[in-house]
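Single chain ahead, written as structure tokens, the form predicted alone.
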Amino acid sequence: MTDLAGWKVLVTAGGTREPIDPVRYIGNRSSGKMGNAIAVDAAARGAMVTLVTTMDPADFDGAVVRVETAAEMADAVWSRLAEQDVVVMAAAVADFRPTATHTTKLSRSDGPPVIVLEPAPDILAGVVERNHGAFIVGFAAETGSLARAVEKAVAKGVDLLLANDVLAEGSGFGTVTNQVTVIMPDGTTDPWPLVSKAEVASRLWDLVADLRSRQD
């Protein structure tokens, strides 16, 4: 299948790491598997894909941009945005980061450090703000209710948002499966069944292709 031939696609994957010192960081449990599956499927369908990721991608031989922090991911995404037809923000980006990074390892003997946090860049909001026509897909990892994800889909101004409950069996970080709910800009929802992340990726691209064709 080459239904995405000629498309320029950017996908983000993995969890960002916000350094405390040269050894420690604030991060999350994202494995990057969902974003990687989305990038792999898009490339297999003919798209020219750039994968911006914090993880070593598996089975993907397209353009890879390795980053660590939210700021690095923001720079990598925003600087490439004008070239893209579709942007899929599947990475788990830190909401907060330390205001200062220690240049040497913190010592236990000094006692617990006081770590002051500040907001990390809101990459998805920046994509929407800078966008000049790309179709934007956001992701939201929640625990329990997806009500907040519905609010996010409406408020962020994305074309599509996929949300999942990471506490649900088979739908958490690091799994090979996922159970997502598709949320449209008007807040309407479509829950998908628990399937492999590869199947989620395939279904996502089927949906994006259909929605983009309606916009033309």
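From 1 onward, residues are counted along the sequence shown. Please read these numbers as outputs of a predicted model, since none were measured by experiment.
The protein also exists as the form predicted together with cytidine-5'-triphosphate (CTP); that form is not presented, and the subsequent description refers to it.
Using a 4.5 Å cutoff between non-hydrogen atoms, R148 counts as a contact of cytidine-5'-triphosphate (CTP) in the model of the complex.
Residue contact with cytidine-5'-triphosphate (CTP) in the model of the complex: A94 places a heavy atom within 4.5 Å of it. Remark: A134 does not count among the residues lining cytidine-5'-triphosphate (CTP) in the model of the complex, judged by a heavy atom distance of 4.5 Å or less. In the model of the complex, L124 approaches cytidine-5'-triphosphate (CTP) with a heavy atom inside 4.5 Å. The chain is drawn here without cytidine-5'-triphosphate (CTP); in the model of the complex, the stretch among 60 to 68, 44 to 52, 174 to 182, 152 to 160 whose residues come within 4.5 Å of it by any heavy atom is 152 to 160.
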